[in-house]
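Two separate entries follow, structure 1 and structure 2, each one form of the same protein chain as C-alpha cells.
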Structure 1
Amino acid sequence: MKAEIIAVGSELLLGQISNTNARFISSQLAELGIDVYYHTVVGDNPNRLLDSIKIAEERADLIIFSGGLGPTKDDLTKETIAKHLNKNLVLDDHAIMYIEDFFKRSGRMMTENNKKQALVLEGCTVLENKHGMAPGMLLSTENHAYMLLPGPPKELEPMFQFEAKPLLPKLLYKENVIMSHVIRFYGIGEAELETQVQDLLDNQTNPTLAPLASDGEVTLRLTAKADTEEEAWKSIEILQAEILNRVGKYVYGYNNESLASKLRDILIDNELTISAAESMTAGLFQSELAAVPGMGVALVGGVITYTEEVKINQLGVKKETIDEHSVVSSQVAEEMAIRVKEKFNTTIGVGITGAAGPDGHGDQPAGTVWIGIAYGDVAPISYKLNLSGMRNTNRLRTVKFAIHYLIRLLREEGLSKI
C-alpha cells in the first residue's frame, strides 16, 4: 500500500514554516505498514495543486493533504479536489454548530467566510476537529482514498491520531484484517536493538517486524495479517513474547504511549506524588510531565536551582557536599532529590545536575549529567549520563533519561509491569 503526502501552502515554499506535518504523518503511516514514497509541497494555487493531485494518483493509493482548509480565499484544497472528483461541497451540520458556538463563547462576531470551514466533500467521512474549526475528510473512490487534514500541527496531529488513523486499516486492507502493534524502547540504541532481534528481522513473514528510531527512542512495529482480529493478535503476542524475552528491560510502553504518559499512569495507579529540583534542565523535566493530561494528580511542584547558591540557600544542599564532590556529582544529585522530596512532601524526589555544554564544569566534561532519585524510604539512587550532543539536545535527552530511569526503578519495585 503506497501513500503520498501533499502539503499545501505558499508559506512552506517561502521557508516561513517547516513541514513538520509530513514527518509526523509518515511516522504514523509507518506504524500501519503503509509506505510513503513521496512528499510534495505546493503553493496556494489551484492549477499547480491539481497537477500535483494528478501526479500523485499515478503513483499512490492513498493521498493525504495537509493545509488549505481555512476560511480565506487562498485556502483552496477541498475546492480543488471537489472539482477534480466532480463532487459537491456540502455543509456539515456538526461543524457549523461548533463554529457558531465558538464565536458565541468568545464574544466575537462570526464573519461569513468562516462558514466555508464547515463545507465538506459530499459522501466523505468527516473527521472531527476538536482543536480547531475546519473538519478533516476521508473520501474513497474506486482506485484511491483522499484524506484532507488541517494545516496547524496542533489540529492535524490529534485529528490524525484519533480520528483518521483508526479508519485506515479497514479502508485500505479490505480482504483481510491487518493489525499493527508498536513496542516502545528507551535506553537502547537502534543498532543494538536491531542486533538483538536480527534473526527475527531476517526470517519475518507474518507478522512482519520493522524498527523505527526517533527523538532518542526506538520502536518495533509488529504487523499481522489474518482472517480475524483474534488470530492477528495471537500471532503478534507470540512474536512480542520472544522480543520481550530478549530486550524487555528496555521496554517502557506500547502504541501511543509516551515516556511521560507511562510515568503518569504508574504514579496515579500507585497514588504516588513527585517533585523535582532541576539545575541544567531548568524546568524542562517538569514541563515534559505537565504536558501530559492528568499529571496534576501526581506532579506537586519543584524548583530550579541553577546556581550553587540557590542549591544551598533555597534547597538546602550542604555546602560541604558541593565543595567535596563538585556540583556535577552523584552526591549532589542525590541530595537535591532528597531535599526537594522533603520540601514538597512527595513520595518521589528527582534531582538533575550536569554540564549541558558546550563547556564542561570543573573537571567534568560537557555532557556529564547526574540524575538522582529519592523514593519513599529507600536509599537514594543516581544515574550518570555521558552525552555528546549539542547543548539543548543534551538537556532534552536528560529529561527523557530521567523519566526512563524512574519508570525502570518503579517497575523494579513491583509497581508496574511491562
Structure 2
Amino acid sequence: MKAEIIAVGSELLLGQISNTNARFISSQLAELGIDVYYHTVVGDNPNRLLDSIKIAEERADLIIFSGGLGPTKDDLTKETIAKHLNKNLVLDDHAIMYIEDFFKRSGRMMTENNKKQALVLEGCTVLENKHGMAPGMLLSTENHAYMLLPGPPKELEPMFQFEAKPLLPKLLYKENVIMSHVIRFYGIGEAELETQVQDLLDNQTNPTLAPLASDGEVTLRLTAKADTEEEAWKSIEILQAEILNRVGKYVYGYNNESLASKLRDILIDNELTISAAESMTAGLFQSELAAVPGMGVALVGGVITYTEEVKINQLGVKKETIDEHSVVSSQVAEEMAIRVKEKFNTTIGVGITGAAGPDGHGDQPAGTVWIGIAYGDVAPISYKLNLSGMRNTNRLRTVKFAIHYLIRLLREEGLSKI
C-alpha cells in the first residue's frame, strides 16, 4: 500500500504557511505501516490539480488531499475529483444541518455559498468535521482510495485521527486493530537509547518499534496489529516491560504527556507547591509550567534574577557565595533554590543559573548551567549541564532538564510510578 499526499492551496506556494498537514498525515500513516512516497503541493487551480491527481494515480494506491473544501470559488478539490471520476456531488443531510446550526449559534447570516460545503462525493463515507463546517470524505474505487480532508490543521488533525484513521486498517489489512503506544524519554540521546534496545529494534516484527528524536526528547513508538484491542495491548505490555527494565530511569511519561503536564500531575497528586528563581532562563521555566492548564494549583510564583545585585538584594543569595564560587556554580544554584522556597513558602524551590550564550561567563564556556532543587527537608541537590546549542536552544533545554530532574527526584522519593 503506497500513499501520496496532495495539499491544495495557493497560500502554500506563496510561502505564507508551511505544509504541516503533510507532516501530520505522514507521521500518522507511518504508525499504520503505510509508505508515503511523495508529497505534492498544488495551487487553487483545477487544471493543475487534475494533472497532479493523474500523476498520483500512477504511483500511489491511497491519495490523501488536504484543503480546497471551503465555501469560496477557489475551493475546488471535490469538484475536480468528482469531474475526474465521473461522480455526482450530493447534499449530505447531516452536514447541512450542522452548517445551519453553526450559523444559528454564532448569530451570523448563512450565505448561499456555505451550502456548497455540505456537498459530498456520491458513494463516499462522510468524515464528520467536529471543528469546522466542511466534512471530509473517503471514496474507494477499483484501484484507488481517495481521502479528502479540510485544510485548517485544527479541523484536519482530529478528523484524521478520530474519523479517518480507524477506517484504514480494514481497508489495508485483514487485522481489525492497530494499536500504537508511545514511551517518552528525556536525558538520554537517541543514539544511546538505540544502543540500549538495539536487539529489540533488529528483531522487531509485531509490535514494531520506532524511535524518534525531536527538541531534545526521544520517543519509542510501539505499534501492534491484532484481532482485538486486548491482544494488541498485551503484546505492547510485554515489549514495554522489557524496555522499562533497561532504560526506565529516562522515561518521563507516555503518549500525549509532556514533561510539564507530567510534573503538574505529580505535584497536584501529592499536594506539592513550587517556586523558582531564574537567571539565564529569565522566566521560561515558570512560563513553560504555566502553559499547562491547571498548573495554578501548584505554581506559586518566583523571582527572575537577571543580575548579581538582584540575586543578593531580592533573593538573599550571599555575596560571599557568588564571590567565592562564581555566579554560575552549584552553590549559587542551590542557594537560589533554598531562598526562593523559603521566600515563597513552597514545598519545592528551583534555582537556575548559567551562561546561555553566545558568551560564556568568566572561565565557564557558553552552555554551562547549574540547576538547583530544594525539596522539603531533603538536602538540596544540583545538576550541571554542558550544552552546545544556540542561546535559545540552550535556554529551552535547560528548562526541560530542570523538569526532567524534578520528575526523577520526586519519583525516587516515591511520589510517582514510572
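All residue numbers here refer to structure 1's sequence, counted from 1. Between two forms, the rigid core is defined as the largest C-alpha subset superposing within 1.5 Å. Because the structure is a prediction, the values reported are computed rather than measured.
Trainee: I need to confirm something. Of structure 1 and structure 2, which is the form predicted on its own?
Mentor: Comparing the pair, one sees that structure 1 is the form predicted on its own and the remaining one is not.
Trainee: Does residue 22 move appreciably between structures 1 and 2, meaning a CA displacement of 2 Å or more on the superposed rigid core?
Mentor: After core superposition, the C-alpha of residue 22 moves 2 Å or more between structures 1 and 2.
Trainee: Superpose on the rigid core, then tell me if the C-alpha of residue 164 is displaced by 2 angstroms or more between structures 1 and 2.
Mentor: Yes, its C-alpha moves 2 Å or more.
Trainee: After the core is overlaid between structures 1 and 2, has the C-alpha of residue 147 moved by 2 angstroms or more?
Mentor: It does, since the residue 147 C-alpha is displaced 2 Å or more between structures 1 and 2 after the core fit.
Trainee: After superposing on the rigid core, how many Å does the CA of residue 127 move between structures 1 and 2?
Mentor: For residue 127, the alpha-carbon shift amounts to 8.2 Å.
Trainee: Could you tell me how many Å the Cα atom of residue 38 shifts between structures 1 and 2 when the rigid core is held superposed?
Mentor: C-alpha displacement of residue 38 between structures 1 and 2: 3.6 Å.
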